[in-house]
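Only one chain is shown below, in structure tokens, and it's the form predicted on its own.
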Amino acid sequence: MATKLPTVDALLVGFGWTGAILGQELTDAGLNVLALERGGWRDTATDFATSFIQDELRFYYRHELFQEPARETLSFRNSTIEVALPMRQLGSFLPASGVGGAGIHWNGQNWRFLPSDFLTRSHNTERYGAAAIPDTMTVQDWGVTYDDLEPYYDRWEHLCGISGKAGNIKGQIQPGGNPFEGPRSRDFPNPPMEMTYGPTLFAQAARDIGLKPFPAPSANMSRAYTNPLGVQLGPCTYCGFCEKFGCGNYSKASPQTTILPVLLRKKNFTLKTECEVIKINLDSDKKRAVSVTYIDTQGEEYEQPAELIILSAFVLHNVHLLLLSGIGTPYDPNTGRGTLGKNYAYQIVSSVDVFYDDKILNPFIGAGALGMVVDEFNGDNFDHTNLGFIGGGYIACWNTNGRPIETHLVPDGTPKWGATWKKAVVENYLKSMSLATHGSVMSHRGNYLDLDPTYRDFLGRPLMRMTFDFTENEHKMSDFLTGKTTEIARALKAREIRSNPRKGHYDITPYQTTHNTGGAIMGSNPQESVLNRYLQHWDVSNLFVMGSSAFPQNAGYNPTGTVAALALWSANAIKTQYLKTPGPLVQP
């Protein structure tokens, strides 16, 4: 029997980036806010100190900051004709656990999506004709536009102190920035990071073949910064321990370094850690969420009532909790009916390695978002006529690390182990680098999320089941990007280059990216989406769902900037519209 607790005004389920944003915004509006986080407390001084955080074995390979598959995981298959099996080790993506969520271990690569990314179906149909989108491709417009989100992108970038160079201010192209980005109202709050040798060589080679490289927007600080909340961040030391690590220098924007020092001091905010929400409870009409049920580490069960419930967990956990709670109609790929679990998407990556004889690149001087980028082949920045695909991605030379266990580029023909392999690592460590592609993935009818009929988690709940594979569209797009990357690599005039195209089926084993999207998508009507344009559930108006689970398909950029802009957009709608007149903000 669950212990029933006093009602709160607003309840956050999960406390990463979007939980922190909504907590800050709703407490500012005067609400009493409670956040329930399934993981533990984490802070810079106690959990990410530089005396131990740069432990590659502990944090990268033994997954100290991530979800434990023995407690919670998902099952996976490439298609419906296969039997899904549980993912017993983390691999392709790394769900976080604990306060701060993935905002702790992200690289800090911060992007805005292109204006056309929010109009994927209508834009591509208008430019290339209806045949450009096959019947099996289920891409949708978002129901929100770049212009809607621009003020919130701007707020986010100044909250985090993003370092970068604007490419388009109020429609005026700016030299040195990304000329393809949507118009922004002002420049980044901090200048770009200082470039190291590898990205500098990449930028020159890109210019030599007519491209327009620019410094990547970075949540690693290029200088000391005080954000609009009065929280201070320090300049980056270029140690290279960002992705999969917490920053020990207060130099990478995270919930802990931007919002929590203010939010946690508020009397109208409460955080409870190690509390696993297992169900959202509805009223008898199934139109209103009245509470959640959660358990603590002692196994005690509680019912927490709330006037407003906001799911702010990782994308897969948001969808899983909706499925477990029976909120919405699960998607059926055979009929196309139902929306919950629909349009799961990912991203597709490839690389080209470059080996020099005469250049010392010092890869250990790095940061998670230190790099130069070209964006000519992202989104619809180029003519797709007769290419056989839609979408695209960026090409970058990141200098994110030189971590000793992970970083050992060796030329083709080198043995996988032994003395010859060691000799090749030593000879090439300082003289090699990798150029990366980061490509979009469209939504397709056979890619979706649902509940596994066989496997259960440590609480006896059905696991989430993921059915996903890359399609011809993604392979053609990635091959195109890899070819363009090879052209840049040739212009580098190195001793040797090696192309690593993405081939075959999606494999959940090797790490690729934690940019999972979809499953509780936003849109313009309840027949095609779970959420309306304000991230409000179509069927349950006091339930809002944050995060990339709302993306109808995945663009060719890292998602955090858009996740945050959407959270701020939604928070503004809650404060200025919903709290005044509770109910649906958009009529179906």
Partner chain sequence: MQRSEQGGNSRLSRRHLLTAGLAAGSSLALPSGSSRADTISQQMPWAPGEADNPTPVSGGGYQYLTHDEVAWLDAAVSRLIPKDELGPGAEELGVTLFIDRQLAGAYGRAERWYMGGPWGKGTDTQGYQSRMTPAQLYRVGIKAVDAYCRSEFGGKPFAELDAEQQDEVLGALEHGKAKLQQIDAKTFFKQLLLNTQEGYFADPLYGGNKDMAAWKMIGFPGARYDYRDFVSKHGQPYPLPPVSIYGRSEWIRKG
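All values reported here derive from a predicted model rather than from experimental measurement. Numbering follows the first chain given and starts at 1.
Only in words, not in the display: the form predicted in complex with the partner chain, which the text now covers.
Contact assignment for the partner chain in the model of the complex, among 309, 260, 372, 323, heavy atom within 4.5 Å:
Of the candidates 309, 260, 372, 323, 260 is the one lying within 4.5 Å of the partner chain in the model of the complex.
Report the residue, out of 329, 174, 381, 237, that has at least one non-hydrogen atom within 4.5 angstroms of the partner chain in the model of the complex.
Of 329, 174, 381, 237, the residue with a heavy atom within 4.5 Å of the partner chain in the model of the complex is 237.
Interface stretch in the model of the complex with the partner chain - options 260 to 268, 121 to 129, 285 to 293, 385 to 393, non-hydrogen atom within 4.5 Å
Contact criterion met by 260 to 268 only.
Hey, in the model of the complex, is residue 411 touching the partner chain, heavy atoms inside 4.5 Å?
Contact check for residue 411: no, nothing within 4.5 Å of the partner chain in the model of the complex.
Taking heavy atoms only, is residue 402 within 4.5 angstroms of the partner chain in the model of the complex?
Residue-level check for residue 402: yes, a contact with the partner chain.
Just to confirm, residue 526 within 4.5 Å of the partner chain in the model of the complex by heavy atoms?
Outside the cut-off, so no.
How about residue 232 - does it come within 4.5 Å of the partner chain in the model of the complex, if we only consider non-hydrogen atoms?
No, residue 232 sits far enough from the partner chain in the model of the complex that none of its heavy atoms falls within 4.5 Å.
Checking a candidate spot here: are 14, 352 and 488 all in contact with the partner chain in the model of the complex (at least one heavy atom each within 4.5 Å)?
Verified in the model of the complex; spot residues all out of contact, no.
What are the residues of 50 to 79, in order along the chain, with a heavy atom within 4.5 Å of the partner chain in the model of the complex?
In sequence order, 50, 51, 52, 54, 55, 57, 58, 61, 62, 63, 64, 66, 67, 68, 69, 70, 71, 73, 76, 77, 78 come within 4.5 Å of the partner.
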